[in-house]
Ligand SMILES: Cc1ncc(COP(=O)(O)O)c(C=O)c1O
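Just one chain is shown here, as structure tokens, and it is the form predicted alone.
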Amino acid sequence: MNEILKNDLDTFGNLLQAALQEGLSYLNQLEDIPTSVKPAQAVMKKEVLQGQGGLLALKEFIDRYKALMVASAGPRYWGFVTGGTTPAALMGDMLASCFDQNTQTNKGHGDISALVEFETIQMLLDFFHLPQDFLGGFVTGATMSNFTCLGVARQWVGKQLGYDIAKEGVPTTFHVLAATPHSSSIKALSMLGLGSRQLQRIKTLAPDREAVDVVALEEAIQALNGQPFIVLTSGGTVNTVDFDDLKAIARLKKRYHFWWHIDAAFGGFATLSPDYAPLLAGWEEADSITIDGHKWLNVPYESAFFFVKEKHKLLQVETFQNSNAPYLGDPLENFNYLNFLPENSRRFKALPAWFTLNAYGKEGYREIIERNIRLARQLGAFIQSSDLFELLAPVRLNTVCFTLKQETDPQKIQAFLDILNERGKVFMTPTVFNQRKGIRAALVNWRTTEKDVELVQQEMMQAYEHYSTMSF
């Protein structure tokens, strides 16, 4: 054995303790770590001929990169839709790395990590008040969850046409209907060979809404004259967390024959709150659902899961099976996750979710979700009463979409956002809504409190003071 590697093996415990101490140092200082940094131009390594061992590698990382780690796990990182990591989720993630299981089968061959994943999916179905007639699994994020669900949807459409797409490829015509799909769904259409241009946009209820006009959707369905198609719907859009009328679409599904997919990456968590659960009424009738773990579940990246109705099990196996691997056995008789989703080799992704679900339960997550929504509304009320800012849309859940009052120049709005982010106390992201440049703040972190919202309001005012002195 290499001498440096053997030394690290002999001092394994010390190495892990040293790394853990650095991680704890970051977490303990999270309130004070900047949410944004400007890294200097670094000289990139090109080769490592002689190794230096774990401790010196840790020292080099600390010297070169630690100060550039932003507080993306912190309470005021409101860019994109970025959750943090609950203590229990971090415990599970550490153990997932230590155990290093390749999660595949739950039939008693090899490790039992697939049994844990299977159990976690059952827990999540209960968590979201969904029936147990869904199968599910963990993937890297909403993009791969949408990809997985739409991959099975693609196979379903092909079967309606008497065509095995998994074996024969995609026919020339493919119908996909949606109003405001997430970009990851459009990306999935591209990766699946369906083509992003095949997406037929259905109008929304109004210019300031992102929810589909169900009357227009039905008209588009009727125009297809019985051809098979896919309907993509939103369980919470990205800009304004607008929900398609899932109850009405469930009624359409009883009258027309189509595959219904719901992207509920973070909006699905609304089902935990009695006040917001009606937004998801009817979603149990969908064929497939996407939900993200590293958003409101607050588990580490990379984590998302999918639910696909168990009646589509054969289609799912046809889409993802390793048909040229006879040593894996019959994919229908011997359940194996590598026959149900894109990856063959898989990390023990379910373990952080298993830990955090068991640690905090529905009641714990209900408190996080309702607190985030309450705080988002508090920020929205501040903006609404301000002479400097204005809401671009009502605060429907946990996302606040706003802009500068009476300002239409995108460069000026971006300049304000740059000043705000560079102060390092909060991080938000730019967006465009209803043809206006805006700013988006998404609150999904378990640490966020009223104190954080008050601090951000002060930061916005101070950033505006700086902005008002600029010349354009």
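For clarity, every value in this text was computed on a predicted model and none was experimentally measured. So that there is no doubt, residue numbering starts at 1 and follows the sequence shown.
If you look for the form predicted together with the named molecule, you will not find it shown, but the lines that follow are about it.
Of the heavy atoms in residue 142, some are within 4.5 Å of the named molecule in the predicted bound form. Residue contact check for residue 263: one or more of its heavy atoms lie within 4.5 Å of the named molecule in the predicted bound form.
Among residues of the shown chain, residue 182 is one whose heavy atoms approach the named molecule to within 4.5 Å in the predicted bound form.
Although the partner is absent here, residue 236 sits close enough that one of its heavy atoms falls within 4.5 Å of the named molecule in the predicted bound form. Contact with the named molecule in the predicted bound form, defined as a heavy atom within 4.5 Å, holds for exactly one of 76, 154, 396, 294, namely 294. Contact annotation: of the candidates 166, 81, 369, 177, the single residue with a non-hydrogen atom within 4.5 angstroms of the named molecule in the predicted bound form is 81. Contact with the named molecule, judged by heavy atoms within 4.5 Å in the predicted bound form, is confined among 279-287, 263-271, 307-315, 340-348 to 263-271.
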